[in-house]
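For reference, the chain that follows is the form predicted alone, supplied as structure tokens.
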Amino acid sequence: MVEFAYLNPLLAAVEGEAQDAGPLAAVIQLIYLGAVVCFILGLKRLSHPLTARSGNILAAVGMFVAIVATLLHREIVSYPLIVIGIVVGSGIGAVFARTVKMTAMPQMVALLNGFGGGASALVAGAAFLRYVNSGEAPTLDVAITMQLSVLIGTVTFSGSLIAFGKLQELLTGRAVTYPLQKPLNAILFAGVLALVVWLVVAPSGWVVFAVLVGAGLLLGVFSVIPIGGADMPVVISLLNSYSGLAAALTGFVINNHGLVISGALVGASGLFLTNIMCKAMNRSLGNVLFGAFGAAPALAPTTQAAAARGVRSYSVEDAAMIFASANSVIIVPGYGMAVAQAQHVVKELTDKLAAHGIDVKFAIHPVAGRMPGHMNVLLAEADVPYEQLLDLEGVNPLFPQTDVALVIGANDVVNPAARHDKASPIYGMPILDVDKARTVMICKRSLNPGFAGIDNELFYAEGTIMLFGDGKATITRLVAALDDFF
């Protein structure tokens, strides 16, 4: 038997062998209950932009209270080491919070999901090593939850790192496929489940456990690699759900009620959000995970082909004249706005139009950007009032009465083919009805197709004009050109 004596203090504490009886235990359970209430209320307040900041703070207070209660209940290693860990971790978190730009928030969220899954796997793994070292056999429920926590935690960790790499463009953002990918992944998944069963039946083989950890990490990599960048909103919310599920399972392993409930909340909310994202794209979760959507590179039409189809390119001065005569404007932000970091100049444009009596609203598609709420976050950073941000259901009825719809970097979410072309890969996807506005302006670098790899009918519509160029630079020139008309 391999000795892990040097881990005994840590593992015994992680397993939770502190005293559970007495007044202190009752007080701690009440504290956990209070923390859970903070989690639930915080999650509720996150559902609206006006209350999201206070909801985030309330949930953070709940987590802090739960951590304090745990430290009172279980003496883990030593308090000096705990303080050092808190200081170091808080310092790293504070640096990230202050330095990571809003445009990089999707990859930040992906990384945090991975850290959550990895932490759960480490705790469950420590509990397993204690059983191996002591020669004891865990009860069936603990054995099952322990191995599932390790499995889901490792899958979440490696899968989130791949998502981070794709979002950070360290890896290709396109779907990566190879021969026999699905059969090989199915064999790997079956093998992982077999290892879990083996360790539940005979929880004493640390070598088998190490193989499970490695297989779980591989499964996470191979599960996310074939998913394209535009499906990252779904992947991020799903990995978030995985991290919560892993935490809840770890809570069962170490008998921590606060961890069980908080993990369950995260898991359930992540699954709910994943379902919303899938409906917004009119695709099933299975199609997102296994469809390799966006694997083939998308090609722009040639200049001659574009000219033949009647693409109209306007200067910013021409566009400024149209804006000056408008009474209502709806701005449709997309990932191109995030890439160009144009949210602040868009706010300048909004202010200038509003100052001259033009009604300005924003149309936010559920899957615009790289994570759920990405456009909302960027516009909030630029101090765009929340009341101006309308969702798909609220804004679509307004387009027929709108003078100008300005599309900045969005593509597939405004493609009319989704409504009528049954052969289109985006057929049936709810879109923003910008083509129903009196004039449509599209600010884009080129006529390149979106992630779906299909040409956008909107580019060639009679009421559409193109403003070619970088989003930030083009909108900046547009704001300056408006001075000649106002």
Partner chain sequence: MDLIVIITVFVLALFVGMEVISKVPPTLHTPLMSGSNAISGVTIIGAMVVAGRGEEQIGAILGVIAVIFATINVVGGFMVTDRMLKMFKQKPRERT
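Numbering follows the first chain given and starts at 1. For clarity, a rigid core is taken as the largest C-alpha set superposing within 1.5 Å between two forms. Predicted, not measured: the structure shown is a model, and the values here were computed from it.
Beyond what is shown, the protein has a form predicted in complex with the partner chain; the following relates to that form.
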* Where does the partner chain sit in the predicted bound form: which of 41-49, 418-426, 457-465, 436-444, heavy atoms within 4.5 Å? -> 41-49
* Scan 205, 214, 183, 89 and let me know which has any heavy atom within 4.5 Å of the partner chain in the predicted bound form. => 89
* **Among the candidates 252, 189, 314, 198, the residue which, in the predicted bound form, approaches the partner chain to within 4.5 Å (heavy atoms)** => 252
* Asked: So in the predicted bound form, does any heavy atom of residue 93 sit within 4.5 Å of the partner chain?
  -> yes
* Should residue 66 be classed as touching the partner chain in the predicted bound form when contacts are defined as heavy atoms within 4.5 Å? -> yes
* **the partner chain contact at residue 257 in the predicted bound form, heavy atom, 4.5 Å** => yes
* Is there any non-hydrogen atom of residue 37 lying within 4.5 Å of the partner chain in the predicted bound form? -> no
* Could you run down 256-289 and flag each residue that has a heavy atom within 4.5 Å of the partner chain in the predicted bound form? => 256, 257, 259, 260, 261, 262, 264, 265, 266, 268, 269, 271, 272, 273, 276
* **Rigid core superposition, residue 44 Cα moves 2 angstroms or more between the shown form and the other one** => yes
* Displaced residue check between the shown form and the other one: residue 439, CA, 2 Å or over, core reference -> no
* **Is_shifted residue 420 between the shown form and the other one (CA, 2 Å cut-off, rigid core)** => no
